[in-house]
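Only one chain comes next, encoded as structure tokens, the form predicted on its own.
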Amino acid sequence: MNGSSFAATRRDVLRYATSAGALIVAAPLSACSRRASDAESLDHGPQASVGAFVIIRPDETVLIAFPNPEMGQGVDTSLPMLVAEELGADFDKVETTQMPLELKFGDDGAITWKYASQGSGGSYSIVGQWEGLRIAGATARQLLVAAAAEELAVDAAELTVSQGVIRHEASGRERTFGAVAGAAAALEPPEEAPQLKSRDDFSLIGTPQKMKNARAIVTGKAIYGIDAELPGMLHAVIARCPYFDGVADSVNDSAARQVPGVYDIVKIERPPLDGPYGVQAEGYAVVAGSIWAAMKGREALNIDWNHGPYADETSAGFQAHCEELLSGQGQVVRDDGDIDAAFAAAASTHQGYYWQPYVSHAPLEPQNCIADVRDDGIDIIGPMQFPSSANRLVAETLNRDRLSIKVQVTRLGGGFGRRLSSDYVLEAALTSAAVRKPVKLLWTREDDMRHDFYRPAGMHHLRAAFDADGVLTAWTHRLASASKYYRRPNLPETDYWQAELYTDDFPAHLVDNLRVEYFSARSGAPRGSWRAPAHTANAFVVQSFLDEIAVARGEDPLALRLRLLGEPQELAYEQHGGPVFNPGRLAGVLRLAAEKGDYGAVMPAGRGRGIAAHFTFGGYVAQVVDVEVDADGQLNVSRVVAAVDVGTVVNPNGIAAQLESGVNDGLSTALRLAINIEGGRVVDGNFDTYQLMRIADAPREIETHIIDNGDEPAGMGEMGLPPLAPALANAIFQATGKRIRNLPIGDQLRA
């Protein structure tokens, strides 16, 4: 950021002195200047309303607010590290807290961020806040140094800052942050952008740090949405139509209203079938004085549900539908070279079909939300990945001013993309508006599993051609699926493919003839983003296919990958994660994982070692998976070795934690997870049939090896998951000779 762009926003850089003499600082998010504005005064305490990034108090405590929702990805630690690095704070003494949603009217009259973007999705938190939060820390440091220089009567350039202390080395004098916080708050902000540290000067970024709120979590003090309360609130559960896009033919609520404690029953209208979801389904909210009374009231409802327009849909029928679509011609969304000529001239060709089912997010904390809808405003409290989306949805539906809707995000008990949707927030708001009291809405496990926005299911068909010299000359990737974009407003069906296929993924730009083709399938199942969205599907398909090709050609699977990736270069990548993809970085993590995982060693009978790698949202991850399969087909995953390149590393502990999370999530999904549909409804309702991985199934050992190359940072929340399933399948093939082309694995090894 240059001086002029900073100066244009200088008046908006926040300095606020409370009665206690604290310094509060926020700064522009980036050179694009998402600006700061006025903040409310803050009380010293864990429930303080935080409207800025940095609060430094006279008692030496430093409170840093993280703007992005925390759902286990570690932003409650990594984002404050960016501030603390530039500030020069003692991170052991730093407290962190979740910033509530902060919006304002921009100069153009449109709603915009007040301080910083506030969403968690797409592994974008570190990327999006990398510059802005460091500017906030550097701004606070500059003000503190200026105040100390005035008090010590020295030039500010003679002062150094470390661990919350400002020192004048020549005289041996020093001042703490707290001692000069009040004076710093009275100073004018800098005219030009503060100088940010160079990578060589980092003392905190890149060092392993414990998660700030770990103790609160393990001692039960952390507040999740399910723990939150408001005085005088009622409780609600909803009986939703179990059939896709169905409605009630008749409702008899007389018995439900007689249940002790039931306060009211509120109808929630089905969303229009030709537009985006608000709520997901028609339902009847039973509102009561306790959650138990609400659930008993729901049991007493007598509803005759119409089976809706998808009454004949089944899982088997949908798979057959996708297979039938692939027998025809679809929408070609990328077409390089001359595919037909390349295949006609090929010395060898290969093809494979792969299937992946609908899967549920299944967060351990089911959906919930508190809404208090009043004439003078609305309060929303709950676990949301994008609180601004919840704010907008409630405002549009209830015809309210967005700035009158206050949103407080709690800690999320899992998100994985499910809480990008705000249907449960709108349900709570509609119910509160109807009864004119604060309402806490709670979903049961069955509600959550049967009314999810599922990861799209689909069938892939891949073909590859090689010439006599072993050069890859052509590649086609054809996919029939039900896109998650199908209910987006004003989006034609010809754009549905954009959520399911990334046309710059491997081997784009590395093969002369490339065709990507999409077939839009019909399904009533609600669809949405699921951890690493389409990458989870496409990595399994492409990396499994590469192993099949290598075996058929008599090549080593690792050697084939490295040969096809070629030399390091920057290739255009237009989808999220770009603007470039460097095959050299993907080759680098492959080599490191192979070395650390002893890939290529001779394996005993019944054991296998597979490898896979993928580029996801700016990050590169390779994994080597070791498996054992006994004579009865019992599978055991003994070890996973991973190499990670996400550019500059902020918190190595966070990288390792997210990698381990991705490995376990990917393994759990590959082993047994599939949502089953019969008669136009989801039949799975709990973990008895939707069997998440048990601890006995988890790898005994997971190793993480990090390449910190100094490039711009990428996130890590989703990167560890895509390579797991193909590396697992490739290891199973080596151990058993059986190819896994359909997920989940289930009992295929025992067949």
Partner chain sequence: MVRMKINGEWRDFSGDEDMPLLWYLREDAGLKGAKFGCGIAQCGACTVHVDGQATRSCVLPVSAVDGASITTIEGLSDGETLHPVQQAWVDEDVAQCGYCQAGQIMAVAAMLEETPNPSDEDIDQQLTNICRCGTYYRLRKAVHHAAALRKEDR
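What you are looking at is a predicted structure, and each value in this text was computed from that prediction instead of being measured. Residue numbers count along the first chain shown, from 1.
There is another form of this protein, the form predicted together with its partner chain, and it is not shown here; the text below is about that form.
- Task: Name the stretch, out of 303-311, 505-513, 386-394, 441-449, where some heavy atom lies within 4.5 Å of its partner chain in the predicted bound form.
- Result: Careful reading of the contacts points to 441-449.
- Query: Among the candidate residues 72, 178, 583, 194, which is the single one with a non-hydrogen atom no more than 4.5 Å from its partner chain in the predicted bound form?
  - Reply: Of the listed residues, the single hit is 72.
- Query: Which of 234, 482, 362, 629 has a heavy atom within 4.5 Å of its partner chain in the predicted bound form?
  - Reply: Exactly one residue meets the criterion: 362.
- Query: Taking heavy atoms only, is residue 295 within 4.5 angstroms of its partner chain in the predicted bound form?
  - Reply: Contact check for residue 295: yes, within 4.5 Å of its partner chain in the predicted bound form.
- Does the 4.5 Å heavy atom contact test between residue 61 and its partner chain in the predicted bound form come out positive? Contact with its partner chain, no.
- Message: Contact with its partner chain in the predicted bound form for residue 412, defined as at least one heavy atom pair within 4.5 Å: yes or no?
- Response: Close contact exists here: in the predicted bound form, residue 412 approaches its partner chain to within 4.5 Å, heavy atoms only.
- May I ask you to state whether residue 541 is within 4.5 Å of its partner chain in the predicted bound form, using heavy atom distances? Judged by the heavy-atom cut-off of 4.5 Å, residue 541 is well away from its partner chain in the predicted bound form.
- Item | its partner chain in the predicted bound form reached by all of 219, 416 and 693, non-hydrogen atom within 4.5 Å | Contact check passed for all of 219, 416 and 693.
- Which residues within 639-669 place at least one heavy atom within 4.5 Å of its partner chain in the predicted bound form? Going through 639-669 in order - heavy atoms within 4.5 Å of its partner chain in the predicted bound form - the hits are 653, 656, 657, 658, 660, 661, 664, 665.
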